[in-house]
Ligand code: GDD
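Just one chain is shown here, as structure tokens, and it is the form predicted alone.
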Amino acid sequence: MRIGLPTHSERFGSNLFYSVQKVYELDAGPELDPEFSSPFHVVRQIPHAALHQIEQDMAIVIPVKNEKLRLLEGVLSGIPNACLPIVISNSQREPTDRFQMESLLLNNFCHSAKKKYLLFHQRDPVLASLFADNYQEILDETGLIRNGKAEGMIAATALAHALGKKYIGFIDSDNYFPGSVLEYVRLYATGFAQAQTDHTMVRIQWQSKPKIVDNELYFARLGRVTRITNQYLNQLLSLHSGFETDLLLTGNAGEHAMSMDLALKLSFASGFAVETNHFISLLEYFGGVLPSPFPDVMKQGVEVFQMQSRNPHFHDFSKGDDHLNEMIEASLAVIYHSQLCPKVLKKQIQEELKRLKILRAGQEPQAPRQYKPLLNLDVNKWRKTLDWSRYGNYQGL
């Protein structure tokens, strides 16, 4: 990968947010060109070997819920062979067992590709039992893991941690372009290769998001949810720093990755609030405004890389305006209910949700369920007791 250096950055406490980096070449060549070691060069080269080494230590989580099987196969085909895909499915089991279809697809595809994988159903009682001792908040009244994208991501993060993975990335399963999936993972690895700290996050800004307008393809730069979320995240930073900024452009990026050291120290929020909540968790834990539960991280610092893909992001458009409104409310609710959110910003968020007819006058967005960091979750017993071979072709440690 040959990628431009960030042109500027924003500091918020111990968090260092970099401006969006531009991809110059998807393939940087096998060896490091000495020219790129110059401190005056504006492009950084990350050779194949460095990316491959990181990918070997990376799990890629694919949350699935009743997606088209061909889309899932396409996403799998884009994940580098060195990575471990962890598919966490909450697809229906009745009347048609879509989860069984997904299982057959993964087994056949990964057997042909000689690719290791893991597949768990989110409502599997065995998976739920692993959280029963010291993370019961993720379980519902039936004793199973709650429904929701965030809950699946939490379970997959814990599984990757149990397997000793150093990095974890997330990719949505409704992506039509396998080439973009490959690029996302390479960008994750590129971010980690540049990091100067063990606590790192990489977030993807899509090059474009194609839409059909008047029977023609229109390459929009930002989706509606992204544009609104970015606006209020930047306002939150601006109100605390006293200087206006528009640096944050990946507020609710479903495609993002973290070093495991950081992933275990961030809180999660339920549903569609999960991506924006990772930003808010960074600001609350490491922003220096509130007392931090992780003083060692405050000393070392956190780096957040934002990278713009070359591939467009083309996904399933069939979910409608209600789905988009649900995402907007969830994302803004995380900001609204944060301890860092000033009254003036709360009022602006209420007005925004009123303007979009998501809430009525005077209503507040519903606070998402919050989940504590996974740092203290005991995964040692998982390594010993879980029969990994039941959940794919990965034998565990």
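Quick caveat: nothing in here was measured; it's all calculated off a predicted structure. Heads up: residue numbers just count along the shown sequence, starting at 1.
Not pictured, yet referred to below: the form predicted together with this ligand.
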| query | finding |
| --- | --- |
| Contact stretch among 182-190, 146-154, 284-292, 259-267 - heavy atom within 4.5 Å of this ligand in the predicted complex | 146-154 |
| Complete contact of I88, N252 and E275 with this ligand in the predicted complex (any heavy atom, 4.5 Å) | yes |
| Proximity to this ligand in the predicted complex, single hit among T226, S103, S309, N325 (heavy atom within 4.5 Å) | T226 |
| One residue of Y117, W206, F305, Y167 in contact with this ligand, assessed in the predicted complex (non-hydrogen atom, 4.5 angstroms) | W206 |
| Contact flag, P365 vs this ligand in the predicted complex, heavy atom cut 4.5 Å | no |
| Interface membership of D124, this ligand in the predicted complex, 4.5 Å heavy atom rule | no |
| Exercise: K65 in contact with this ligand in the predicted complex, heavy atom 4.5 Å | yes |
| Contact of T200 with this ligand in the predicted complex (heavy atom, 4.5 Å) | no |
| Within 4.5 Å of this ligand in the predicted complex: residues from 168-183 (heavy atom criterion) | D172, S173, D174 |
